[in-house]
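What follows is a single chain, given as structure tokens, in the form predicted alone.
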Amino acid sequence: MDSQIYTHSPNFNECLRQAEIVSGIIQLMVAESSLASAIDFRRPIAVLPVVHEFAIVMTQGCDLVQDFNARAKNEEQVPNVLFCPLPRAEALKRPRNGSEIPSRDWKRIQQNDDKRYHFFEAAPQDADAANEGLPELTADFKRYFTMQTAFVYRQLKDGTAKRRCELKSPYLEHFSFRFAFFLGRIGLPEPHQSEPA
């Protein structure tokens, strides 16, 4: 059955795409104990690999295309790719601390009516380049990370990370707009007041 939301990702030697879901991407982070060393450079720095089971590309598609074409000429235009990690929806609904999200709130998340979260329905096998299908996933717009573009392409080429599927239009634009809207929020010092009736 053809998915209304997802389509196969291209193979590893093509340009990354906005709203493409990858699995197994490894993010390198400086260990908290090495933060002072990272500034001093004379001391060794401990780096921790963080493996993301699933993550989605947030960088604009046109920028990714221009960068991909520039890399063919040994240039670069996008030094880092922006990602949102995509944990399984079950992990958000039932966190390890035992507190479950109330069903009313969970329904809002599933319908993408909660500003902070985006819910992704499961992807069928035929929409997944690995032919496995994807579970229900969630994005938390407060959590995102960047990685060097060259390192991302290296992991895809080596097979460490795998391109799985990407969102079709208009689901791509819907997700992208919701993320941009969340980041563009304006915090007001006081809410608007209304005169008593």
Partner chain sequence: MSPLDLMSYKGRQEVFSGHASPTTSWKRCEANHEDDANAEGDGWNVTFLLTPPEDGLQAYFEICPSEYGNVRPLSVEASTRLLCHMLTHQLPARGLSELLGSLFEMKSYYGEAPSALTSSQEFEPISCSMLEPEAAPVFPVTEE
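Predicted model, so just to flag it, every value in this text is computed and none were measured. Numbering follows the first chain given and starts at 1.
FYI, the form predicted together with the partner chain isn't displayed, but the following is about it.
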query: Heavy atom within 4.5 Å of the partner chain in the predicted bound form - residue from L48, L35, A150, A70; finding: L48
query: Contact check for K107, Y171 and R178 against the partner chain in the predicted bound form, heavy atom at 4.5 Å; finding: no
query: Partner proximity in the predicted bound form: H52 to the partner chain, non-hydrogen atom cutoff 4.5 Å; finding: yes
query: The partner chain contact at Y117 in the predicted bound form, heavy atom, 4.5 Å; finding: yes
query: Interface membership of R143, the partner chain in the predicted bound form, 4.5 Å heavy atom rule; finding: yes
query: Contact label in the predicted bound form: V65 to the partner chain, heavy atom within 4.5 Å; finding: no
